[in-house]
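Coming up is one lone chain in C-alpha cells, specifically the form predicted alone.
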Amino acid sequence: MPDDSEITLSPPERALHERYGTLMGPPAAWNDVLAALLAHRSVRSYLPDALDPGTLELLVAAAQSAATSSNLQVWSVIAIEDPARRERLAQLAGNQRHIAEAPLFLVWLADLSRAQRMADRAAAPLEALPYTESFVMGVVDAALASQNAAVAAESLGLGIVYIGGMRNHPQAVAAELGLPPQVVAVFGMCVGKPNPSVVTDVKPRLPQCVVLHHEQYSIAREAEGIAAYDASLTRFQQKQEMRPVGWSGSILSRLKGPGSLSGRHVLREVLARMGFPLA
C-alpha cells in the first residue's frame, strides 16, 4: 500500500489532504476562493517591507463587507505601524516577536462606545447596552470583520497570524491605544509579506466527523476522530520541530486551570472596570 507521498493528487485533493492530514476524495466543486481558504496558515516570520499604499484601506473595506448584527457595526480596528508601539504591544502579548517584526499590526476591538456617544448626543436612553448580549455582538462583529480582512490579505499574497495575547493585559493595552470606556481589544493580527526563508505548512484540523453534526449533536465518532487527529497533528508538530503532544495534550494543558490562561481568568472583572458590566 503506497503512503500518502507516493500518491499523485490533483491540486484540490492536495489542499484537502494538507488541511486534514489524511487522504480524501475529490471535492464536489473547486475554485480560487476555496483554494485560498484551505491554504490558510499562520505566518510568524515577516519581511520588513512596508505594505503597498492603499493596502490597509482595502483590507478595512473587506472587513466592513462582513456581516454585522442588525447593522450595528459595534467594532473598530486600530492600525499600528509605529515600531515602538508594536514593540510595547509585543511585550504585553507575552513577548511575541512577530508583532514587533510585522510591518502592520491590527488590533480588533469590540466597540460599544460609538453607540453610547450617539445616545449621549441625542439625549436618548440606551438601556440595552450594558447587557452581555451587546458585548457578544461586539466580539462576534469584530471576529467576522477580521476574518474577511485575513482572507483579503492572503489573496494579496500577504501572511497573517491572530494574536489572542491582546487579552492578557487588556487594561494596559487600552492605555497604550487610548481606548475609551466600553471598548476592548478582542485580539490582534499581524500582517505582512511572509519571509520566504521560513516555510510554514498548513496545520491539520479536526476531522469533519468531530465537528460536523447532522440534525442533532452526536459524539458517535468523536473518540475515533480525535485519535486520528492526534496522530496527524503529532506528525505536523514533528515536521515543524515543535513538541509532539498532539491535540489532546495541547487542549488538556491549555485548559487545565486558571494559571494556564495567561492572566485572562480575571477577564470578566477587568471588563467590568472597562465599562462592560455584562448584566
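Residue numbers here begin at 1 and follow the sequence given. These numbers were taken from a predicted model, which means no experiment stands behind them.
A second form of this protein, the form predicted in complex with another copy of the chain, is not displayed here; the remarks below concern that form.
- Every residue in the set Val60, Pro125 and Ala128 has a non-hydrogen atom no more than 4.5 Å from another copy of the chain in the predicted complex.
- The partner is absent here; in the predicted complex, the one residue of Gln208, Thr200, Gln91, Gln171 having a heavy atom within 4.5 Å of another copy of the chain is Gln208.
- By the criterion of a heavy atom within 4.5 Å, Leu252 is counted among the residues contacting another copy of the chain in the predicted complex.
- Interface membership of Arg14, defined by any non-hydrogen atom within 4.5 Å of another copy of the chain in the predicted complex, is ruled out.
- Remark: Val151 counts among the residues lining another copy of the chain in the predicted complex, judged by a heavy atom distance of 4.5 Å or less.
- When another copy of the chain is considered in the predicted complex, Glu87 lies well away from it, no heavy atom lying within 4.5 Å.
- In the predicted complex, the residues of 29-46 lying within 4.5 Å of another copy of the chain by at least one heavy atom are, in order, Ala29, Trp30, Asn31, Asp32, Val33, Leu34, Ala36, Leu37, Leu38, His40.
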